[in-house]
Ligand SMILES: Cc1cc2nc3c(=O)[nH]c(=O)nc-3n(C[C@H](O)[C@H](O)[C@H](O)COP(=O)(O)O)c2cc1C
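Here we start with a single chain on its own, the form predicted alone, put down as structure tokens.
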């Protein structure tokens, strides 16, 4: 990888975070979760303060069924962001996903922006690589580079992010995805940690989820539309160029993605894409998700108040989730998954 391309990768990662925090790049339509209504239990007979929210995910126990999903890495400010996010995950007992590690594979000196184990020794940490980049390593016989990057951060799993929409909109995007399925299948069989297939905001349909399960993927992050629109982010990055702005809100809403995937696969589902509260998380889990996740609200909290801000946001989600469980008379997550719905 040339120094020029390394600099482009680093610059792009910084631009992404700045745009997400400072521009209106959320989907104009919602997740569909507003149409999911629980039946209110007027006479609960459980103790709200004793509700259990522990979850088991790929063999690891979490205190809460939440994940801060892939956010950032690979440029100077990312080190502080990732360490604050990871430390908050350690304090609250939730999972954490790093941003794409392409930058540290291209430039090993950037590895420090992804290393969080000293502040998050017990956290379920997900590494991350783009599907297109994975295919390039596969074609070149360089899977060892991916394995080495995961070892450097002591990852519990590898998220392979499927960002076809973003690549199609990005003028410098990678458009030849012909080798991606074979690369994912090879990663599932050759790498030593579980593989999670992760969309990036445009949603996952059931047929794709089933195909990924057959390849050997161990979990699916649906990352549906309704949250941050990465096509909108790329449109902001390239204001002066010819743009196909009609794809700003392309995608499958999160609620539909969850139902589609839950009906087709037996592996765990992570619900992300516009999840903004514990109530959203409760609805997602009732529709079939194992965990609920987000990046934007936690990165925003970190930007405002550092680690303490992230802890506060996670705690807000926790209170919201437990309130939803109390008002559906759900003592634990298994009972929540069977709570009565009035409308979907």
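Small disclaimer: the values here were computed from a predicted structure and weren't measured. Positions refer to the first chain, counted from 1.
Another form, the form predicted together with the named molecule, is not on view; read the next lines as being about it.
With the partner omitted here, the stretch from 115 to 123, 173 to 181, 148 to 156, 192 to 200 that lies within 4.5 Å of the named molecule by heavy atoms in the predicted complex is 192 to 200.
Just one of 314, 64, 285, 294 comes within 4.5 Å of the named molecule in the predicted complex, counting any heavy atom, and that one is 294. When the named molecule is considered in the predicted complex, residue 327 lies well away from it, no heavy atom lying within 4.5 Å. Within 4.5 Å of some heavy atom of the named molecule in the predicted complex lies at least one heavy atom of residue 276. Interface membership of residue 223, defined by any non-hydrogen atom within 4.5 Å of the named molecule in the predicted complex, is confirmed. Heavy atoms of residue 251 never reach within 4.5 Å of the named molecule in the predicted complex, leaving it off the interface. Contact here is defined as any heavy atom lying within 4.5 Å of the named molecule in the predicted complex, and by that definition not a single one of 58, 217 and 290 is a contact residue. Along 219 to 234, a non-hydrogen atom within 4.5 Å of the named molecule in the predicted complex is carried by 223, 227, 228, 230, in order along the sequence.
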